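Quick heads-up: it's one chain on its own, the form predicted alone, in structure tokens.
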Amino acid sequence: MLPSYEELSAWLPDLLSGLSISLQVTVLSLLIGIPFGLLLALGVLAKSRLTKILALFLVEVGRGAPALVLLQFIYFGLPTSGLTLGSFTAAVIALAWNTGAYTSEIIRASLQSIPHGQREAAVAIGLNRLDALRYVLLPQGLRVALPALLAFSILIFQGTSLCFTIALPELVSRAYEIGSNTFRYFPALLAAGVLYASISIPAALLVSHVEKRAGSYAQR
């Protein structure tokens, strides 16, 4: 049942090509989604009722709808309204929306965890709201949020496996293609799983290390 050396040698280029696409989708989704999450977090905390309602709507839809549904909606649903996107673009948009929705709650909680005295001190030294956010609140809040953001990044990387449903040639799609050509589905998917684990496990260890460092910083 395990793949032979010859099979792995033949499959590895295709699997690595799929892994590369999975990583590209992950990185772009995070680069777009985390700043989007910051904007949503600030929107939820805003005094404007309209801004708060709009931000809450985007957050609740992004969190409430499974990532698979968002992928299907953007790739298959939007063309009915005249907007057609490629599978790569649709995957990035869907996962970035999902990322923004979840990370907004992480960032909002981290900002609210900062002692109120920090805000009062910022006002006392003459900082306006924007400067207080930029120089006082965000540096501390993002330091608190970093471990949770890194952990969520691993979930997004693993979530790219859902993109095979919209014909994106990522890692799982490549494994299924190999399986359909060779009728060796189990070994092909097992090899794909090993590649996922080779990135997810070291990343999880890194997150654990960052959490310990963040905990020691908080105790100072």
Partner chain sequence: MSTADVFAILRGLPWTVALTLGAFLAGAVLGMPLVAARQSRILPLRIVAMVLIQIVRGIPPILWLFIIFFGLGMSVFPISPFNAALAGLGLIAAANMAEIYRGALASIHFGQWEASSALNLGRWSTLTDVVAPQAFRVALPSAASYLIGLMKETAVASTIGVSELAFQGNQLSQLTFRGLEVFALVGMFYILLSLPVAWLSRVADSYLQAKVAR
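Because the structure is predicted, anything quoted here is derived from the model rather than measured. Positions refer to the first chain, counted from 1.
Although it is not shown, the form predicted in complex with the partner chain is what the next lines describe.
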Which one of Ala41, Leu168, Ile178, Ala192 is close to the partner chain in the model of the complex, taking close to mean a heavy atom within 4.5 Å? Ala192
Is every one of Phe76, Thr80 and Ile201 in contact with the partner chain in the model of the complex, taking contact as a heavy atom within 4.5 Å? yes
Touches the partner chain in the model of the complex: Gln158 (any heavy atom, 4.5 Å): yes
With a 4.5 Å heavy atom cut-off, would you call Pro66 a contact of the partner chain in the model of the complex? yes
With heavy atoms only and a cut-off of 4.5 Å, decide whether Ala197 touches the partner chain in the model of the complex. yes
Wondering, does Phe164 line up within 4.5 Å of the partner chain in the model of the complex on heavy atoms? yes
Are there residues in 1-27 with a heavy atom within 4.5 Å of the partner chain in the model of the complex, and which are they, in order? Met1
